[in-house]
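Given next, in structure tokens, is a single chain: the form predicted on its own.
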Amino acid sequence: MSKRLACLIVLCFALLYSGCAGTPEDPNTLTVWHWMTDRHDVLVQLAEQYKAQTGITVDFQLFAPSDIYSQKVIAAAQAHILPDIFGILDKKSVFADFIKGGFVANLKPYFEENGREWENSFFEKALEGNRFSANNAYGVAEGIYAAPLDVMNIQMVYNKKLLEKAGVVSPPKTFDEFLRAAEALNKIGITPFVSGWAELWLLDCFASNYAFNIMGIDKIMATYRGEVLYTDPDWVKVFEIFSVMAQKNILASGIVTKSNKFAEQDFALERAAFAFNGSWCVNVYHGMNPDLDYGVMLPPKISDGHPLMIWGGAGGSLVVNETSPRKEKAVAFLKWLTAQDQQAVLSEATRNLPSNRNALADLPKELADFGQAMDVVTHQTVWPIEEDAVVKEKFTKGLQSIIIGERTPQEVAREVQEIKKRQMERAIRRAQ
């Protein structure tokens, strides 16, 4: 037996053994597995409050990092020892597998009670990733299968002091205004823009904002189906955005090798005037520089033809174990945890956006500004089709090559289309 296989077996037994301790027989004790290190303490505090109100004990058990947590959940599902409440950290197809395996309760009837009172308390986009529509591609019964604890979206932030220093009187709303602001910043030696574009998903996110703005969702989905080519003029326009930003010296030095952690440091320490980052940055920036004076803005639009959409949706979500003998009590607790007062406590402690829209009023201004854009969010998990992973990697690495001057937008468009053609041919051969 190889050492690697032996280690895997030991890990699985360890996960299964630890899982057995998480399913008490006490009818008044709920067990929750989660991975959220930043909010464990406040969740425990809320559990104590819930016990004082109801007599129900809620045992929050933290397993981190997230990959270890996911392994534990998968092993526990195979052994049928999942807790009353847990989360699923994976793509929607895996979520669907858990549902079809009988491990996840359909919460739709509970969301619809009292005139959809619980459902209407959430941001609509917070529920989309947890919702399966009728006749969905995954073969899952129509319903909502998880309750979101918070939401997130990814926008741009700007340093008010640096913009004022450069004579920029208001944050840019169009891409031309952004270019002029960047020129003014460069003249006084301030780096205009930073982001963690060594992380391909964040670069893909920025590009998709403008793909939506330039061509709209129908044409993007048609591209993923192979009906529109990446050499189409609209896709070339998307690639050209990165060429323009590089040529006009807008991007921070080394941006394609910079992780988001270091990009966040650059913005927090006022080494760049604009950044592209998610709503979680409010907590990050507060820790790095509590006196940072900044605002939140949508990426400046480049076209009036289609709306500019941003990535966002549910952050952490929890499901109820369909086989739990305490299923009704688990649902009642999730309703309580996602109510306005508890959501406000969670948000204040973690500086994450609440999933309950009614809890926005008590947020810091920057976080509330992120929340105001929840109506224009989208995400790959709610699209009818996703691009092939190999094509997506070629796409984002192509953007990096444009930024550093190795490829032109036209060259990258052709290379991505060649990979797309190859992957589609392979898919056809596999299907035969």
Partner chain sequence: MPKINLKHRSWYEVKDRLSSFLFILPAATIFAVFYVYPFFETFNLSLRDWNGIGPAKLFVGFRNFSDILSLMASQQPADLTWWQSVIYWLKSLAAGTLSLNYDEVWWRSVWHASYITLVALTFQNALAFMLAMACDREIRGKHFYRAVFFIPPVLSEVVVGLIWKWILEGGVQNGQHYGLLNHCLDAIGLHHLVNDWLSDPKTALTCIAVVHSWKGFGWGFLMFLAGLQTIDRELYEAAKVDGAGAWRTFWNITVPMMLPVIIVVVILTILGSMQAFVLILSMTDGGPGYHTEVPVTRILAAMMRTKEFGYACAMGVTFGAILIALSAALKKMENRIKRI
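Everything numeric here is computed off the predicted structure, so don't read it as measured data. Positions refer to the first chain, counted from 1. For the two forms, the rigid core is made up of the largest set of C-alpha atoms that agree within 1.5 Å on superposition.
If you look for the form predicted in complex with the partner chain, you will not find it shown, but the lines that follow are about it.
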Assert contact residue (the partner chain, in the predicted complex, non-hydrogen atom within 4.5 Å, options E240, E124, E270, E112) equals E270
Among A339, V94, L308, L229, just one has a heavy atom within 4.5 Å of the partner chain in the predicted complex, namely V94
Is the gap between S70 and the partner chain in the predicted complex 4.5 Å or less for some heavy atom pair?
-> yes
Mark Y158 yes when one of its heavy atoms lies within 4.5 Å of a heavy atom of the partner chain in the predicted complex, and no otherwise.
-> no
May I ask you to state whether G254 is within 4.5 Å of the partner chain in the predicted complex, using heavy atom distances?
-> yes
Report yes if any heavy atom of F98 sits within 4.5 Å of a heavy atom of the partner chain in the predicted complex; otherwise report no.
-> yes
Stretch in contact in the predicted complex with the partner chain, which is absent here, among 210 to 218, 340 to 348, 297 to 305, 72 to 80 (heavy atoms within 4.5 Å) | 72 to 80
Complete contact of D90, K397 and Q400 with the partner chain in the predicted complex (any heavy atom, 4.5 Å) | yes
Of 190 to 220, which residues get within 4.5 Å of the partner chain in the predicted complex if you count heavy atoms?
-> T191, A198, L200
Shift of I302 between the shown form and the other one at or above 2 Å (CA, core fit) | no
Please check if M288 moves between the shown form and the other one, taking a CA shift of 2 Å or more relative to the superposed core as movement.
-> no
Core-superposed comparison between the shown form and the other one, S66 Cα displacement 2 Å or beyond = yes
